[in-house]
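The chain below stands alone and is given as C-alpha cells, in the form predicted on its own.
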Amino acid sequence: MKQHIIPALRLTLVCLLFFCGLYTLLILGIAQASPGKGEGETILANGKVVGYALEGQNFSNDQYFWSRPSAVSYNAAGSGGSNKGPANPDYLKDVTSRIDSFLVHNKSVSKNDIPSELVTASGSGLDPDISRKAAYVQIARIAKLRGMTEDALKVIVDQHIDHPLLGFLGTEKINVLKLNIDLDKTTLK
C-alpha cells in the first residue's frame, strides 16, 4: 500500500506546485504583455473609455454600422445565447422581426442579401465584430445619411478589417465600435 500512496502524494504535490504556482505565473506574465495588461483592451474616444474591444454594443442609429444582435441585451454580466433552436417559433419570430426591421432601414437591400449575422445573435450575445459583407450591406444607408460617397465609406470599412491570424487562423472581421468611432472622426470634423 505504501508503494502506491507515496508516489500519489508526490504527484499531487508536483501538480499543485505546477498548476497553482508556475502555470499561474506564466499566464499572468502573458497577460501583462497583452494590450490592457490582462484587464481587457479599452477603446477610447475623446480621451474617455467608451467600450471594450471584446464586448459588443448596440447601435440602432441609422448613421452608424449596426452590430450583431444580442440575446442578452449587450449585458456583459449575463453573457449567453438564447438557447433556442432554428425551429423554435419564438426564435423564428425574433429573426423575422430583425429581417423586417433591417429591410425598413436599408431599402436598397434585398432579403437574400442580408448576412445571417445581422439577424441572429451570437453564442455569447456580446460579439463585437461583423464580417466585411455585413459592413458592406449597410454602406448605402450610412453614406446617404452622412452625405458621403459609398466608395469613401468603403475605404473606411476596409481600413478596419482585422485579417485572420497568420493569414489562415480565423476569419476576417471588423470591430463595429472602432469603425463607428473612426466614422465619426472622419465625417464630424
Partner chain sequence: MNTEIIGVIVMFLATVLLAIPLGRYMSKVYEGQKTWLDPVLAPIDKLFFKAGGIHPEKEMNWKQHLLALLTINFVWALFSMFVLMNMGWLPLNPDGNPSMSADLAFNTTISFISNTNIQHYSGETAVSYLGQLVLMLFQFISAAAGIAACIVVFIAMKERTTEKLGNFYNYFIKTCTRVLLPLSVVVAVILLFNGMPMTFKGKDHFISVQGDTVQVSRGPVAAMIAIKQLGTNGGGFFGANSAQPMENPNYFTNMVENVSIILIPITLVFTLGNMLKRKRLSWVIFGVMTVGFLIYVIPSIYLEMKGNPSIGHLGISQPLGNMEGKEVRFGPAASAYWGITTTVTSNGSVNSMHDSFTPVTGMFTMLGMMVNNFYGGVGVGFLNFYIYIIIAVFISGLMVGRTPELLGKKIEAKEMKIATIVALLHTFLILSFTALAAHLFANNPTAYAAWLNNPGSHGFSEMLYEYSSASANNGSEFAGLSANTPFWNITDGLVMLLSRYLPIIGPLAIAGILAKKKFVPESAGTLKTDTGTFGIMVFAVIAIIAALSFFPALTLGPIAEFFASK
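The term rigid core refers to the most C-alpha atoms you can superpose between the two forms while keeping them within 1.5 Å. Numbering follows the first chain given and starts at 1. Please read these numbers as outputs of a predicted model, since none were measured by experiment.
Omitted from view is the form predicted in complex with the partner chain, to which the following refers.
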Partner contact for D151 in the predicted complex: the partner chain, 4.5 angstroms, heavy atom: no
Can you tell me whether H105 touches the partner chain? I mean in the predicted complex, with a 4.5 angstroms heavy atom cut-off. no
Although the partner isn't part of this model, could you tell me whether V157 comes within 4.5 Å of the partner chain in the predicted complex, counting any heavy atom of the residue? no
Contact label in the predicted complex: I142 to the partner chain, heavy atom within 4.5 Å: no
Within 63-96, the residues that have a heavy atom no more than 4.5 Å from the partner chain in the predicted complex: Y64, R68, Y74, N75, A76, A77, G78, S79, G80, G81, S82, N83, K84, G85, P86, A87, N88, P89, Y91, L92, V95, T96
With the core lined up, does the C-alpha of H163 move 2 Å or more between this form and the one not shown? no
When you overlay the rigid core, is the Cα of N46 off by 2 Å or more between this form and the one not shown? no
